[in-house]
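Only one chain comes next, encoded as structure tokens, the form predicted alone.
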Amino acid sequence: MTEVILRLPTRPAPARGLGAVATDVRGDLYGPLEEAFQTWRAAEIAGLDGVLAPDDPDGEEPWTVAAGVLRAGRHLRAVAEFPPSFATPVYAAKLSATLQRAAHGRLGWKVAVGGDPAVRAAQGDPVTGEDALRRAHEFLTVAKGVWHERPYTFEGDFYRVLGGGFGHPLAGRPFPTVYLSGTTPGELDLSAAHADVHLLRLGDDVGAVRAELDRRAPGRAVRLGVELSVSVRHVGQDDGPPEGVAGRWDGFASLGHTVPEGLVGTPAELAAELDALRRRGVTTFVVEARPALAEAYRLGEHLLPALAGLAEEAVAGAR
């Protein structure tokens, strides 16, 4: 199964002045939270599988955004990105149990490990480097422990739980789908132990990461995904990559994207690139596209059908 998840915009967009003849009466009433909610709604209508509420220090709070999506959406999955410093693993698990019950199991976790030490320090989190990986391992171990066992006891370097665990009505729901990333030995060890989906960047060696995960976690299926930016070329486009850029492009940061590597092309061209990754075992695509609201419809109306068509051709060819 192929999964396409759209990264939501949660930070303020650049101001677009209305000129001297008009006044924007909305003031601060229309902000990134409204744009995020309109975008997830577009993603749901367009048939995407899910949205990611990113851990952006300058953006809206991801759990609040994800909860809004899950509460109002019908089928769209919501992935909340957060660092382990967000809360204790017991509280994060309890919060998630309530959301899973309300949303019928549509919540995912993207656990952000490491990152810019200065940004983490500004958030009051002094844990970095190998300690950040060890803490993430304990965080996920404890969260899954209290989710599945009662009584649950754990004593580690970062967390201590005595006689924990959930009963009714929190118990019995599926644990959130866990997305992790990275290519260092420590990051791969963490994914081998805890990830449902391991996310790569465009250009990473898919085969090598597949082999490393299989070696570290024999018998445990960890799905592969890719985080990338995309720009679907269309008539009248004036805010995308420079004219002449096509195929793989590492310049998306110049357009304000968080993920600098990505693909530029027609729906058929992008679908062919994603299909090539899919044939190598990648089943999840976490995409960033701007403007996100318009691109959500474009992805659903043009890219997904092209991707589905290639999948049908592959099935027919295998018969």
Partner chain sequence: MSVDFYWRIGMHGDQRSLTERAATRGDWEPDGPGRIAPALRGGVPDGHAYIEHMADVARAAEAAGFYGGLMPSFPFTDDPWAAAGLLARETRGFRFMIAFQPGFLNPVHAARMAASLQRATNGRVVYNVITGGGGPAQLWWGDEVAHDDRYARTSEFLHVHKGVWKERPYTFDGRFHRVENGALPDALAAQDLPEIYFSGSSAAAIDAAGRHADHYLSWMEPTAALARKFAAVREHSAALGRTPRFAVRVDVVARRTEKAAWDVVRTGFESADPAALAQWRTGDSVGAARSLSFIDGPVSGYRDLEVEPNVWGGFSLLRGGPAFGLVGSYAQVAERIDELIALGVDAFILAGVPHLEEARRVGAEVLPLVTGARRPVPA
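Numbering follows the first chain given and starts at 1. Source: prediction; values computed, not measured.
Here the subject shifts to the form predicted in complex with the partner chain, a form of this protein not shown in this document.
| query | So in the predicted complex, does residue 177 come within 4.5 Å of the partner chain, heavy atom to heavy atom? | reply | Contact with the partner chain, no.
| query | Heavy atom to heavy atom, is residue 60 within 4.5 Å of the partner chain in the predicted complex? | reply | Because a heavy atom of residue 60 falls inside 4.5 Å of the partner chain in the predicted complex, the answer is yes.
| task | Check whether residue 208 has any heavy atom within 4.5 Å of a heavy atom of the partner chain in the predicted complex, and answer yes or no. | result | Residue 208: no, not in contact with the partner chain in the predicted complex.
| task | Check whether residue 34 has any heavy atom within 4.5 Å of a heavy atom of the partner chain in the predicted complex, and answer yes or no. | result | Answer yes; at least one heavy atom of residue 34 falls within 4.5 Å of the partner chain in the predicted complex.
| said: Within 4.5 Å of the partner chain in the predicted complex - does that hold for a heavy atom of every one of 115, 138 and 224? | reply: Heavy-atom distance to the partner chain in the predicted complex: none of the three under 4.5 Å.
| query | Pick from 163, 218, 247, 244: which residue has any heavy atom within 4.5 angstroms of the partner chain in the predicted complex? | reply | Of the listed residues, the single hit is 163.
| query | Which one of 185, 126, 203, 105 is close to the partner chain in the predicted complex, taking close to mean a heavy atom within 4.5 Å? | reply | Going through each option in turn, the one that passes is 126.
| query | Okay, which stretch from 191-199, 225-233, 210-218, 166-174 lines the partner chain in the predicted complex, with non-hydrogen atoms inside 4.5 Å? | reply | Result for this chain: 166-174.
| said: Heavy atom within 4.5 Å of the partner chain in the predicted complex: which residues of 72-110 meet that condition, in order? | reply: Residues within 4.5 Å: 85, 86, 87, 88, 90, 91, 94, 95, 98, 99, 101, 102, 104.
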